[in-house]
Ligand code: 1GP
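What follows is a single chain, given as structure tokens, in the form predicted alone.
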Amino acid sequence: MIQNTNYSSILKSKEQGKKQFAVLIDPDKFKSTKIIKLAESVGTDFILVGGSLISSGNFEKCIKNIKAITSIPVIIFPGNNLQVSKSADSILLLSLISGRNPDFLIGQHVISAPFLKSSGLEIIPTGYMLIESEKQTAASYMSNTIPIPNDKYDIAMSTAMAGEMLGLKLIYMDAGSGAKKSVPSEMINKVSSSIKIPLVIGGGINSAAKATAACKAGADIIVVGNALEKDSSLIRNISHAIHKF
């Protein structure tokens, strides 16, 4: 029997051709539960919590506050080994396969492994790929890595294929928080047609049209974060566009 987990839900949706929508919450910027209630009202599938740098110390509090008001699964999107909490449902165990910094390929994972092993969290091994977006993002700066150029589709494809062959369960392509450009549709299509595991796309998606384009290109999950901080009404439009698939 297949255990009912967030990952099994992702696989089931992919098999059925359904697209999923995730809202990314930065604990440093989480000041109201309004965005969570709105996310629930529009059928958001997952809430991701994390950031490249969290300075407020609100990580655990943020997750508990979200869990107290919604049944939407909460998944940790960690920026480092300190961003872990037993209060969440799952964690994307990110391996930064687009870079060559061993600390973010395996080093941070070694430090957090004993806690994660005993935490009870559903652990989802994820190949994390930073894609160039015409500006340096917090993720590229903090990880000290160079993103994949946004016109090098073959490099992105080969990187994702390697991640799948290594046994990773998700591929997450990210243009970064506040990106000027989202991941190109041509790159999404090249990667999605070359792997069988689910593909997550985030960064720079600030309209329903961009979300739709990513879905058409082959994305299975769309993640929106920074754009919602500027205009929370985008949640409804983007969620509707994604779930039409």
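All values derive from a computational prediction rather than experimental measurement. The first residue of the shown sequence is 1; numbering continues from there.
FYI, the form predicted in complex with this ligand isn't displayed, but the following is about it.
J.: Indicate whether the candidate residues 159, 163 and 171 are all in contact with this ligand in the predicted bound form, with contact defined as any heavy atom within 4.5 Å.
T.: No, none of the three is in contact.
J.: Does any part of residue 237 reach within 4.5 Å of this ligand in the predicted bound form? Heavy atoms only, please.
T.: Judged by the heavy-atom cut-off of 4.5 Å, residue 237 is well away from this ligand in the predicted bound form.
J.: Taking heavy atoms and a 4.5 Å cut-off, does residue 221 contact this ligand in the predicted bound form?
T.: Judged by the heavy-atom cut-off of 4.5 Å, residue 221 is well away from this ligand in the predicted bound form.
J.: With the partner left out of view, is residue 24 within 4.5 angstroms of this ligand in the predicted bound form by any non-hydrogen atom?
T.: Yes - in the predicted bound form, heavy atoms of residue 24 and this ligand come within 4.5 Å of each other.
J.: Taking this ligand as it sits in the predicted bound form, is residue 177 in contact with it (heavy atom to heavy atom, 4.5 Å or less)?
T.: Contact with this ligand, yes.
J.: Can you tell me which of 199-207, 35-43, 185-193, 57-65 lies within 4.5 Å of this ligand in the predicted bound form, counting heavy atoms only?
T.: One stretch meets the cut-off, namely 199-207.
J.: Quick one: which residues from 117-143 get a non-hydrogen atom within 4.5 Å of this ligand in the predicted bound form?
T.: Result: 128 alone.
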